[in-house]
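Coming up is one lone chain in structure tokens, specifically the form predicted alone.
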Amino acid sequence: MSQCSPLKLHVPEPTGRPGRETDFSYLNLSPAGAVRRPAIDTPPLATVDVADALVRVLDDDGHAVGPWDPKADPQLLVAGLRAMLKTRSFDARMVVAQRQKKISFYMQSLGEEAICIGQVLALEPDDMCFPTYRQQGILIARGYGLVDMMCQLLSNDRDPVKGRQMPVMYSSRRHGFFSVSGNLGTQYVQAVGWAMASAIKGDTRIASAWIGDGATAEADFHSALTFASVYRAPVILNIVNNQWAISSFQGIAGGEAATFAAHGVGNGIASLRVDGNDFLAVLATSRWAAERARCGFGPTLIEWVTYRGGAHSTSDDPSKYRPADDWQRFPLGDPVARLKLHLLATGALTDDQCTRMQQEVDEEVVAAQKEAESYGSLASGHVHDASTMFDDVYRDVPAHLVRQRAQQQA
């Protein structure tokens, strides 16, 4: 007869809750510059140690150290800072617009701006991104118009998707931005399929897929990893581990027992675990993964360790499930402040130039909002006519829909 105690179900719990400071020691951080940089053609199983450590480039003084230093052009880094500042300014004004009932819903990327912007600057303009609802920085870095983005949020007469998507679920084929899906796991499957098609056609383009830590528990995630590994799809598989899904801690999705990057290694995919608030680390590892994919060495899975600075959405109150000051205490800091410190330390920017840059992006966002709202908003009573919902969907509208439209208009 067994001498074991009665079984108990283990349910992961965060180390911090409202009224109790989070102990972030669970993150397993590595010193800046301490993690090795494998060769581009390294076998997936040889990345086990990198999937467990944390790639970092910037030290506490803003200096770039170690083998992952991308030796980036200072002007590229300045462009990255501008895109991050613009994204943060855009987010802040759109949250206020939602509170003013001009839009119905919004999701900001506060604290996560470096990840998508750093990666997109490592990609080619025609590489296809399959984002979540926190990668608006991709569009901003690729030059998509702020007015068009805001009109989609306002669902007005200039809305590029004509009111058929929730706010923040942008779509722009011309800017390599696949339509955002509220069910995040689907982006992985579609990205891997797109990448496989690129390889079948003998193209040179690669795909970049995005998912949150919570959605790694979805079946789509695991199916995508199998196909990516078996067919060596030219794709970068990004997991944004911002510590929280809607209200559940990342441990519920499996982050307590192992790193999320370990999922990649276990599926035969080269994997990295990276400081997502270190812009230079993001740029360097994204370049590594992009080159690996483009040279035919297969996919790379990257776990980006970061923190969701704000609410999950404007429908969420994070103070109900985590300490209110968690973001200020997060040990990896603020990605905008860290890149700014680096640019100041290297002389690429001065304090005055940083201040002027902030003023310029704020003015640009304000001007775009004024123009976008001139085309209508929820506050002005704008609603799309339901009779147009099937326009531009079918080449030949099915007969039953023609009859239903006629009945509705009668």
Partner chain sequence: MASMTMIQAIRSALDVMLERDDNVVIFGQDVGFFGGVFRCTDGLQKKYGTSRVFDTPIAEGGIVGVAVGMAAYGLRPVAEIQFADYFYPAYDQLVSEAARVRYRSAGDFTAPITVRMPCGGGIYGGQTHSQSPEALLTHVCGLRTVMPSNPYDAKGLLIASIECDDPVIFLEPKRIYNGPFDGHHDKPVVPWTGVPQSEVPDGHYTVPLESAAIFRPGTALTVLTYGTMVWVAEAAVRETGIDAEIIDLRSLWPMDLDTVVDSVTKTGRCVIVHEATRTSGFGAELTALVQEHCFFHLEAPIERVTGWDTPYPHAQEWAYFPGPERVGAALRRVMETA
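Residue numbers count along the first chain shown, from 1. No experiment lies behind these values; they were computed from the predicted model shown. So that the term is clear: the rigid core is the largest set of C-alpha atoms that superpose within 1.5 Å between two forms.
The following text describes the form predicted together with its partner chain, which does not appear among the structures shown.
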Query raised in the report: Would 338, 343 and 357 all count as contacting its partner chain in the model of the complex, using a 4.5 Å heavy atom cut-off?
Result: no
Query raised in the report: Among 143-151, 113-121, 179-187, 279-287, which stretch sits within 4.5 Å of its partner chain in the model of the complex, heavy atoms only?
Result: 179-187
Query raised in the report: Which of these residues, 385, 49, 60, 351, gets a heavy atom within 4.5 Å of its partner chain in the model of the complex?
Result: 385
Query raised in the report: What is the one choice in 172, 155, 229, 243 with a heavy atom within 4.5 Å of its partner chain in the model of the complex?
Result: 155
Query raised in the report: Does residue 218 reach its partner chain in the model of the complex if we count a contact as any heavy atom within 4.5 Å?
Result: yes
Query raised in the report: Is residue 378 close enough to its partner chain in the model of the complex to count, meaning some heavy atom within 4.5 Å?
Result: yes
Query raised in the report: Taking heavy atoms only, is residue 252 within 4.5 angstroms of its partner chain in the model of the complex?
Result: yes
Requested in this report: Tell me, yes or no, whether residue 92 is in contact with its partner chain in the model of the complex, where a contact means a heavy atom of each within 4.5 Å.
Outcome: no
Query - Residues in 153-176 close to its partner chain in the model of the complex, defined by a heavy atom within 4.5 Å, in order - result: 155, 162, 163, 164, 165, 166, 167
Query raised in the report: When the two forms are laid on each other by their rigid core, does residue 11 show a Cα shift of 2 Å or more between the shown form and the other one?
Result: no
Query raised in the report: Superposing on the rigid core, is the CA of residue 43 displaced by 2 Å or more between the shown form and the other one?
Result: no
Query raised in the report: Is there a C-alpha shift of 2 Å or more at residue 21 between the shown form and the other one once the rigid core is superposed?
Result: no
